Structures are given as C-alpha cells and as structure tokens.
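Heads up, the chain below is alone and in the form predicted on its own; it's given as structure tokens.
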C-alpha cells in the first residue's frame, strides 16, 4: 500500500512497523524541493528508507547527504576522498583492510551513542555484497517505547543510560570491567525526537552499560528487560543488500545490527552520517 505519491516517487512500507522503499527516483539528480521534502517526510514517517538500483559516486552521496543536513567527519583511515566518507568492508588490498567491519555490529546498537552529540542519521550505499548474509536489521524504538507497560514507562522516564565505546579496541561486546580508554556519555533512556516530537527508547545491548544513580545489581535487570523488549522481531525490518542500494536510517529512533556472512565473500558499503539534520 502506498503512503505518498507525487509526480516523482512512490513510497512503499516494508513492514507494518518500520521501513519504506522509495521507487521512481534517481538520487543523482538535482531533486526539486517538493520531491526532496517527500523523501525527508518518508524518512521521518518510517525511520528507515531504501532506494534500490542507484549508481552513486562519492560526490553524489555527499551531495545527497548535505540535503538532509551537516555531514559528520570520519576520523578513520578507511575514509574516502571526502572527510565524511568511510568504507564498511572485509576486503583487504595489499594485505591491509580497506574498511572496517567490527564484530560488535552483530549486536543491536545506535551509532556513536557514547558521544555528546550522536549523528541524526546514517546512510549506506551498497557496492559489493555477499551472496547470503551480511544483512542489516533495523528496530523501531518508537514502537518499542510505545508498547512498554505503563509502569515501566513511568519508571524510566527520567533515567539516564551510560554508553561506552573503546576507541583503541573493537566494540565492547561483553559486559565486564570498563577500559580506562573507553569513551562514554550518558543520555536519557527515553529520547524525544527533535523533529517528530515522538518518544523513543534510547538504550542498546552493545553499548549501554549502566544507569546513572543505580547500582549494577539494580540496573542490570531493568536494562535486560528493555533490551529483550526492543529486539522483538515485530519491531524489526531485515534489509537484504543488493549492489546499488541506498539505505538511510534515523539514528534517533532506531537500532541496527548486522547478520553474519562468509569470510570468503566480499562486502563493501560506503558510509556517511548526517551529524545534524537541518530542515529548511
């Protein structure tokens, strides 16, 4: 069922809960204001948008991202010619990786939640994909919050979760002693989206270690309850990648994770982040 039509595009929901595919558009074009705003509206409405069959160069992807807002800069050796581009890949050239593919991606998480200002969104462009696996799972945190029991909503309303990441190692994938090198930041467990005004659950199994003001014994059962709830399959869209796919997700109201794939196959995606959304 279509949710929006104009002369340029059609928006087709991918699940009842999250995700929409946009068809009938070439993202290399200089999109007029009405067409672009229809894309932005679909992003806000569905949290994840997918456009297939695209041929985007690095400049095209940056130009598209800049329509949404300020591009985040990547401080990473695996970036493209623009400081906002990086590659997500298992490919090696001359024995050296050309991208990053941390194991932590296989657990649900929110990008850069361990910083004061996490990005508003992340855009991936599919270049090479394995024959099976390497899918990306997206979970709707609006729906996760909305379906919590009222007493749990009341309990978490004013709490703040502490998120950790060790920049000198891999993603932290097991709870335990925190490295002194770990980056960390606390954010409200219940996040209000700055554009839609809707409340979303803002914790994740990979990086949320603590709740401010609680002992570990107090926080652990509450966090596990929230993790188990937010990862339920009916909140999730599983994206099976094809070359030429463009996927943009709203980092403020979703979690994402990667499925495993054979190390014998190549996977190459190009990534940018929308650090701050700017609405004209």
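Please read these numbers as outputs of a predicted model, since none were measured by experiment. Positions refer to the first chain, counted from 1.
Unshown form predicted together with a small molecule; subsequent notes refer to it.
Trainee: Between the options 124, 189, 85, 144, which residue brings a heavy atom to within 4.5 Å of the small molecule in the predicted bound form?
Mentor: None of the others qualify; the residue that does is 124.
Trainee: Considering 152, 195, 106, 182, which brings a non-hydrogen atom within 4.5 Å of the small molecule in the predicted bound form?
Mentor: It is 106.
Trainee: Answer for residue 11 alone: is it within 4.5 Å of the small molecule in the predicted bound form, judged on heavy atom distances?
Mentor: Contact check for residue 11: no, nothing within 4.5 Å of the small molecule in the predicted bound form.
Trainee: Give a yes or no for residue 269: in the predicted bound form, does one of its heavy atoms lie within 4.5 Å of a heavy atom belonging to the small molecule?
Mentor: Yes, residue 269 lies within 4.5 Å of the small molecule in the predicted bound form.
Trainee: Would you please decide whether residue 249 lies within 4.5 angstroms of the small molecule in the predicted bound form, comparing each non-hydrogen atom pair?
Mentor: Output for residue 249 is yes: heavy atoms within 4.5 Å of the small molecule.
Trainee: Is the gap between residue 210 and the small molecule in the predicted bound form 4.5 Å or less for some heavy atom pair?
Mentor: No, no contact at 4.5 Å.
Trainee: Any idea which of 195-203, 158-166, 144-152, 107-115 reaches within 4.5 Å of the small molecule in the predicted bound form, heavy atoms considered?
Mentor: Of the stretches listed, the one contacting the partner is 107-115.
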